[in-house]
Each structure stands twice: as C-alpha cells, then as structure tokens.
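In structure tokens, one chain follows: the form predicted on its own.
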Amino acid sequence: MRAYHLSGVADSPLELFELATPDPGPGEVSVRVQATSLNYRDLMISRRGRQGIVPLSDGAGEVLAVGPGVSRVQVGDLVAGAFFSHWPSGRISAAVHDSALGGAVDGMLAEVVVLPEHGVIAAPRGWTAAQTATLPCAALTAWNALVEGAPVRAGQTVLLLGTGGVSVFGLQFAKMMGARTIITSSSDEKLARMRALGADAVINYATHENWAEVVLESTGGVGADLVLEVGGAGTLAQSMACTRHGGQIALIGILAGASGQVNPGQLVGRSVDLRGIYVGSLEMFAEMNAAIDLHGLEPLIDEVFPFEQAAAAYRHLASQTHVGKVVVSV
C-alpha cells in the first residue's frame, strides 16, 4: 500500500512511500481509507519540521478486516477515525493527547490504516466517505464548543470568526439549534456564501477593523452569547469586548497568532467564561452524528484533490482561499 510521511521540509512536506499492508490485531480494525481532510493543525505540524509520521487526523473509509474480539463494527462498514482514539467520554486528560492521529501517532493519509475498534465511529446515514472525512476534527470541535459548555439555546447569538472548517460547521450547527449567527471574513465573496448558508449577519473585518463594535451594534449593545474564537491572541481582545456579560468564548485556534497581550480584566469585568477546546470525545462524536442524521446537515466541501496531489491540497489550505473543508480522495 501507499502512504505519505512528513518529510520535515516546510516547503515540500510530504513523501510518498510503499509499505506493507498492515493487519489488525486483537481489538483492532483495518480501514481502507477512501478520503481524508485537512485542518490548520496539519499545516502547523508540517511547518514545525516533524518527520516520519503519517499525517492528517481526519479520514474515513470502509472496514477491510477486523481482529479477534471486535464486535461493534463489521467488514464493509463506512467509518471515520476518531481524532483521539482513547477518549471515550468525560473530560480530556493528558493521556488522551497521546492518541491524537497525525500528531502523536500515525494519521490517515494512507491507503490502509489500523485503528482500535473504539477509535472508529460509523458515518452518518447516507454520507459519502468524502463527507464523513470532514467530521473528526473541525465538526467535532465546533460541536463541543456549542454543546458541551453552557449549551447554546434558541434565540441566542453565536459569533464565528472566519470561514474555515470549524467556523462553517459552527454556523451550520448554531442554525440547527435555532441561534442567530454572525460571521466574519476579509472577503465579501466568502461572506456572500455564508449568507447563502444561513448567516444572519456578516462582517468584513478588512473594512471594519474594529469588528467588535459592529458585533455590539448588531446585538443592540448586548454582545454575542458565544464566540468561536479561532484567531487566538490576535483576535481575543476584540472577542472579549463583544461577548455579553455572562457569555462564553470557546478558544479553539491561533490563526491570528499565538503571542500577544490580552487584558484579563475584560473577562473578569464581564464575567465571561473562557473555555479551551481541543476537539472532542467519542461520546460527543456519536451525539453529533445523531444530530446530523436527524437534521439532514451536509458539510461544505471546498475542493477535493486526488491522493497523488496531496501536496497541492496542503498548498490550497495554506493559501486561505478555501471556504469549508479541503478533502483528499484516496
């Protein structure tokens, strides 16, 4: 079988290898990977010079074989790999981090992978492998942010930063829950697509540098009930300024930078809850898929690249011209 390894070279991060097809052991399943998807995390890992590991946390495919003791899945099932193979439920722990696909352990950018039975989950009904491959990181992160803290209620306002995978799924889930949504981008074209997807208000932060004021104006001076904060230090101050008193900020990413000064007085003065989000558990994944089945949600896929052009998929994600998820078919 073929698999990609990280090369350790930032401008040419992938190397294609021929490897023996792995067989599942006790409690394991082998998956014929049919599609994978990329997240900003994958760019970060490749840029840090990581070598040797099979990249990408997100992938889906057909169960090829099962090892002794496996009973929950069968050959032929369409499944996704879980971002964390060893986080069944409850709160995250340090041990959970050691099972992160494409980082701590080999990931999904291969023709066949072996995963523990408890590290795979059935695809939503009627979904393709390409659709299912969008779920493990971005979708579950957004679901965790919206549901696992103080759950979003109908009529509340959710602010989403940018139009990447997490923010787009966040928009879709928030609308599914009856919330009002505000989303930002530096592109009017992207914002028009978000309007078509159901966004109630849009803000171009290139033309409205102080976009927190626009959020406050849009909410009658109250602020957003929940902010999905994917920018990090570069945007957190404004997110804090436009979150309502007693509201929540789900801190997810560092797209706008990892360093900078933040005044915690804004959190204290407004009694805002700041919660760090790192994907989610298998239990959350199952609940999310049940909601997807019930509401008929479909992911927004920006572009699908063939396996041989995986490096082009990385470049496309790095260009930040995408809206939604970038997928690699296998």
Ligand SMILES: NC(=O)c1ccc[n+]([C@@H]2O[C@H](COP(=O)([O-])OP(=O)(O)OC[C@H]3O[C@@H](n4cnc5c(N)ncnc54)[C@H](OP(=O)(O)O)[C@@H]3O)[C@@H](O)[C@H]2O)c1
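Start at 1 with the first residue shown and count on from there. Everything quoted here is computed from the prediction, not taken from an experiment.
Quick note: we don't show the form predicted together with this ligand, though the next part is all about it.
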Residue within 4.5 Å of this ligand in the model of the complex by heavy atom, from A35, V279, M288, V29, is V279
The one option of L101, V166, V113, A224 with any heavy atom within 4.5 Å of this ligand in the model of the complex is V166
Can W127 be called a contact residue for this ligand in the model of the complex at 4.5 Å between heavy atoms?
no
ask   = Using 4.5 Å between non-hydrogen atoms, is K175 touching this ligand in the model of the complex?
value = no
>> Given that this ligand is not shown alongside this chain, does S186 nevertheless sit within 4.5 Å of it in the model of the complex, heavy atom to heavy atom?
In response: yes
**Message:** My question is simply whether G253 lines the interface with this ligand in the model of the complex - judged by any non-hydrogen atom within 4.5 Å.
**Reply:** yes
Exactly one listed stretch (213 to 221, 154 to 162, 67 to 75, 93 to 101) reaches within 4.5 angstroms of this ligand in the model of the complex by non-hydrogen atoms, and it is 154 to 162
Applying a 4.5 angstroms cut-off on non-hydrogen atoms, the residues of 295 to 320 near this ligand in the model of the complex are L317, Q320
